[in-house]
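As structure tokens, one chain now follows by itself in the form predicted on its own.
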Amino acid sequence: MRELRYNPLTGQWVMVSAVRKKRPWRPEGYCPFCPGAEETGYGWDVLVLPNRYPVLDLSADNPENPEDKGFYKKARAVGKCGIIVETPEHNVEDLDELSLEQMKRVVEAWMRITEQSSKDKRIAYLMIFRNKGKEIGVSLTHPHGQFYALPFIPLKVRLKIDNSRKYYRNNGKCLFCRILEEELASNERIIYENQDYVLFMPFFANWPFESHIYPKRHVQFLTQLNRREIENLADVIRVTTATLNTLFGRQMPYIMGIFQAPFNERTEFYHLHIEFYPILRDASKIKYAAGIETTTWEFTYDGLPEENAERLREACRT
């Protein structure tokens, strides 16, 4: 069974899938993402696979779930869940260990997924994301990312769009471009910069070493990037992960999300960006989203973002 259930209190859709219970947990002696496995074959650099345990499904054998006639609403879980196997090499621990050329191939795979998803009228939003580390709950250790092609726009994205729209109406300017101007002017939280991107810790960081990547050019989708911007995005992704892994002299568990514009709305005021949520406070302490964060979605921050940004800058220099 797969279906979407609507939460009338928050305006969110909950993705319900019984098949998710069957997911393997770190199988020993076998990796389904290595070359020569059942789904992979040989002779590839980056591989995009369907998720075998999807919460969303485009196939015709996924029955329609008509909306309830009563108080609660549910809908068909139409969509797509996929895996992006980033390298044939099983023992690569993070994206900073990929060559620049290999990381470019990963970015190009993200672009192809975006292009394909945008052509399906059933898809409203694409979220490409990456979970890293057992602390995050990663079930397979071969380096990979994921994507969900969603039939709705997620609440967090809707909030960003609404606030960006309001700022644009009031100021005639992109809110993300304004944030980027502020960060570059103050230089307090800048971690790294190349010709096309800025890596920084946001003024409003939630996680101790939260890091954002903004393109300097105002674009909404990965598919709008030119050849130089593709290479420089590969560069800044490698720098970001290397910085996080250098910070405490150990692999940093994190979640990465790529925020593009929705497919079914005109949002020229929106701005492509990437967010990293590293969960360590120090080498042996995890920052949990506990009481106040989980109940209210409002974060507390221990210390000052500017101090932690300096630590990230030093790790980046290293």
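The structure presented is a predicted model; accordingly, all values stated were derived computationally and were not measured. When you see a residue number, it is the position in the sequence shown, counting from 1.
The next section is about a form of this same protein that is not shown, the form predicted together with a small molecule.
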*Answer yes if any heavy atom of residue 146 is within 4.5 Å of a heavy atom of the small molecule in the predicted bound form; otherwise answer no.*
yes
_Is it the case that residue 39, even though its partner is missing from this view, gets within 4.5 Å of the small molecule in the predicted bound form, heavy atoms only?_
yes
*May I ask you to state whether residue 139 is within 4.5 Å of the small molecule in the predicted bound form, using heavy atom distances?*
yes
*Within a 4.5 Å heavy atom cut-off, is residue 253 in contact with the small molecule in the predicted bound form?*
no
*All three of 24, 53 and 83 touching the small molecule in the predicted bound form at 4.5 Å, heavy atom to heavy atom?*
yes
*Among 246, 131, 224, 164, which has any heavy atom within 4.5 Å of the small molecule in the predicted bound form?*
131
*the small molecule isn't shown here, but in the predicted bound form which of 269, 33, 263, 277 has a heavy atom within 4.5 Å of it?*
33
*Select, from the options 255-263, 24-32, 285-293, 269-277, the stretch whose residues sit within 4.5 angstroms of the small molecule in the predicted bound form by heavy atom distance.*
24-32
